[in-house]
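As a starting point, one isolated chain is supplied in structure tokens, in the form predicted on its own.
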Amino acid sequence: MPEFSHINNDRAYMVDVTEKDDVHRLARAEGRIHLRPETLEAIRSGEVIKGNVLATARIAAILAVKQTSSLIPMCHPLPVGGVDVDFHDGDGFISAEVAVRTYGRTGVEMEALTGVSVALLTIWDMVKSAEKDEDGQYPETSIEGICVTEKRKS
């Protein structure tokens, strides 16, 4: 049976990291948002009504990284040393990658995952009017593949 570090005697608790050494840590996460071809072209050409989609999503990702411990109950507040946010065009999608660095006692995977998630949600929010069909649904829009791709400490 797997061991769950945030459960003790059937009660949730925050793991005590005070005895751990401070070390350099990095976590990288990625994910994708699938959009209509016309929407992708509007993002590329800077013609989205709400403004620069990727610049806004980059700022949203950085803000989300810094707020992770306020959103995830057992996540320790950490000093964020750096955040890199990159976007790449794919065939029918945009991928987002967020790398987070810190010097501390616990990893920054949740921060990287939160940053990617909010970046992709921000893209969706900024283009949702172009993505809706005649019934107000999103038949071609989806977010997928959010995962940690790297975790390091040194």
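Start at 1 with the first residue shown and count on from there. It should be emphasised that the depicted structure is a prediction, and the values quoted were computed from it without experimental measurement.
Although it is not shown, the form predicted together with another copy of the chain is what the next lines describe.
- Mapping the unseen interface onto this chain, Glu134 falls outside it, with no heavy atom inside 4.5 Å of another copy of the chain in the predicted bound form.
- The closest heavy atom approach of Phe93 to another copy of the chain in the predicted bound form falls outside 4.5 Å.
- At the 4.5 Å threshold, heavy atoms of Asp125 reach another copy of the chain in the predicted bound form.
- Mapping the unseen interface onto this chain, Asp10 counts among the residues with a heavy atom inside 4.5 Å of another copy of the chain in the predicted bound form.
- In the predicted bound form, Ser117, Val118, Leu121, Thr122, Trp124, Asp125, Met126, Val127, Lys128, Ser129, Ala130, Lys132, Gly136, Gln137, Tyr138, Thr141, Ser142, Ile143, Glu144, Gly145, Ile146, Cys147, Val148, Glu150, Lys151 are the residues of 116 to 154 with at least one heavy atom within 4.5 Å of another copy of the chain, listed from first to last.
- In the predicted bound form, the CA atoms of Val48 and Ile33 move farther apart by at least 3 angstroms compared with the shown structure.
- A shift of at least 3 angstroms pushes the Cα atoms of Lys128 and Glu47 further from each other in the predicted bound form than in the displayed structure.
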